[in-house]
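Just one chain follows, in the form predicted alone, and it is written as structure tokens.
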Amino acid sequence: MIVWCGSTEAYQEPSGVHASVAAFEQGLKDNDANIAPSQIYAYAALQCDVPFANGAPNLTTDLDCIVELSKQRNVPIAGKDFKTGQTLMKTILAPGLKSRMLGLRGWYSTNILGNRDGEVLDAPENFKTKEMSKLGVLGGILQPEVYPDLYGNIDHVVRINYYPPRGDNKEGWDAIDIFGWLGYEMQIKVDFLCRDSILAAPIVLDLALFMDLAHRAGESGVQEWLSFYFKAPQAAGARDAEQDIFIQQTKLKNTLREWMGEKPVTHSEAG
């Protein structure tokens, strides 16, 4: 079982070398510059029948070749990007706003961190990968296509600032502009002072256990039921990935219940 916890790699669009397992293997022989280190680790793990979970925002577990190989080898994969600090807060708060049909005009997020992750993300080409995973959260939860008057025009801004004295003590500031009945405007301010590794460590342990369980249960391909742990989760198929943390948790629990031979939780008193 491998859980990838490496630093963020520079953003890289998938290319022809990622289109299939055969193309990827030829790219390895040709030393193709479009193949990133995390992709090599994922390929090697799957060839050894070892499950692979991606805790960074790189596209490794999204690539067609990796998904194809995971199904060929009957090995589970999951990703991507651990949901820990500021994004964890977003996936807790956004469903609450939506449940009461409170509108959202803007969500400004800035992060201060001083560890190795902060140093790597200080480079614009690396930050772009992280920015994409962070920005994608709200749309999946708020469904602007369904509620355009409430969520169809949101200014969502994300910034990361490297500040060495902070070390592993990450700080996330959020300024949230909402509106309610008759369009009256209100604000929410969040200042989350947290420890990056302390939040991430339990996720790594859970993923190691659950990915091993999935492997022993004969699962292969994308493990959508583990979306609970990721800020940019993968969907197993053409549908959009679920971003609401409470729905994600229910899906995780119901998957485990199914494997144990128990009925899923439906919150219905019938039966």
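Quick caveat, the model's predicted, so the values are computed rather than measured. Throughout, we count residues from 1 along the sequence that is shown.
Another form, the form predicted together with another copy of the chain, is not on view; read the next lines as being about it.
Proximity of residue 74 to another copy of the chain in the model of the complex: non-hydrogen atoms within 4.5 Å are absent; the residue sits far from the partner. Contact check for residue 124: no non-hydrogen atom falls within 4.5 Å of another copy of the chain in the model of the complex. When contacts are judged by a 4.5 Å heavy atom cut-off, residue 258 counts as touching another copy of the chain in the model of the complex. Contact check for residue 150: no non-hydrogen atom falls within 4.5 Å of another copy of the chain in the model of the complex. Of the listed positions (131, 177, 168, 119), a single one reaches within 4.5 angstroms of another copy of the chain by any non-hydrogen atom in the model of the complex, namely 177. Residue-level contacts in the model of the complex: of 33, 205, 217, 48, one residue has a heavy atom within 4.5 Å of another copy of the chain, and it is 205. When contacts are defined as a non-hydrogen atom within 4.5 Å, all of 88, 181 and 191 contact another copy of the chain in the model of the complex. Note that among 35 to 43, 63 to 71, 219 to 227, 48 to 56, the stretch whose heavy atoms approach another copy of the chain to within 4.5 Å in the model of the complex is 219 to 227.
Along 216 to 253, these residues reach a heavy atom to within 4.5 Å of another copy of the chain in the model of the complex: 224, 225, 228, 229, 245, 246, 247, 249, 250, 251.
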